[in-house]
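Shown here is one chain on its own, the form predicted on its own, set out as structure tokens.
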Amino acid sequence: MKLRQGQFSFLPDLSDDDIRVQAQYAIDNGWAVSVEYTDDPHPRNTYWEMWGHPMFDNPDAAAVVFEVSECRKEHGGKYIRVIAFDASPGWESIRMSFIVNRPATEPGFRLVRQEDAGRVVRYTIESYAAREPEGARYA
């Protein structure tokens, strides 16, 4: 199962040149670009580990591609994404987010149904990755 999360999630994996083009678009719009990684990509896990510092005053997308490459060297078996943060008043939020690296095997998610009193039914999503301890989930 291939995780579908962020922009471009239904397209083939992005090449380094594709990443550069998208990062340059973010930079041209004045957005700060960051690289993040995780081994648990649950949709509600919005806080991934940050690789390095956000690139607030970076004028060239080649630096973003370099940081992605360095992150892949150390965390190549995890999910890696590029995000672009717009600090403009009124926005102050992520404007762009896309996955640039995936583990060799993606364990996926399962839907858990919970029945309660009064015919109440609740559903939750659990990541199969979370069954293993952190750092050993994709070993």
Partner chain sequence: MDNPRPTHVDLAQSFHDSGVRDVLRELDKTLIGLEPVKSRIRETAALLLVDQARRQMGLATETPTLHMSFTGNPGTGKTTVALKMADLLHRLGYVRKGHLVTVTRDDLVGQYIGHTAPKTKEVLKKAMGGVLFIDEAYYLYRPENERDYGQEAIEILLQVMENNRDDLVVILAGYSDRMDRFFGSNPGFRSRIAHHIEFPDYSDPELLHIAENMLAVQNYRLDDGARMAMEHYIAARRTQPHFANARSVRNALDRARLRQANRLFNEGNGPIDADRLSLIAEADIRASRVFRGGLDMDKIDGDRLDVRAANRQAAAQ
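Predicted model only: the values in this text are computed from it and were never measured. Positions refer to the first chain, counted from 1.
Heads up, the form predicted in complex with the partner chain isn't pictured, but that's what we're talking about next.
Asker: Report the stretch among 51-59, 38-46, 81-89, 107-115 that approaches the partner chain in the predicted complex to within 4.5 Å, counting heavy atoms only.
Answerer: Single hit among the candidates: 51-59.
Asker: Taking Q24, D28 and F66 as the candidate spot, are all three within 4.5 angstroms of the partner chain in the predicted complex by heavy atoms?
Answerer: Every residue of the candidate spot has a heavy atom within 4.5 Å of the partner chain in the predicted complex.
Asker: Though only this chain appears here, would E74 touch the partner chain in the predicted complex if you measure heavy atom gaps against 4.5 Å?
Answerer: Taking the distances in the predicted complex, the answer for E74 is no, it never comes within 4.5 Å of the partner chain.
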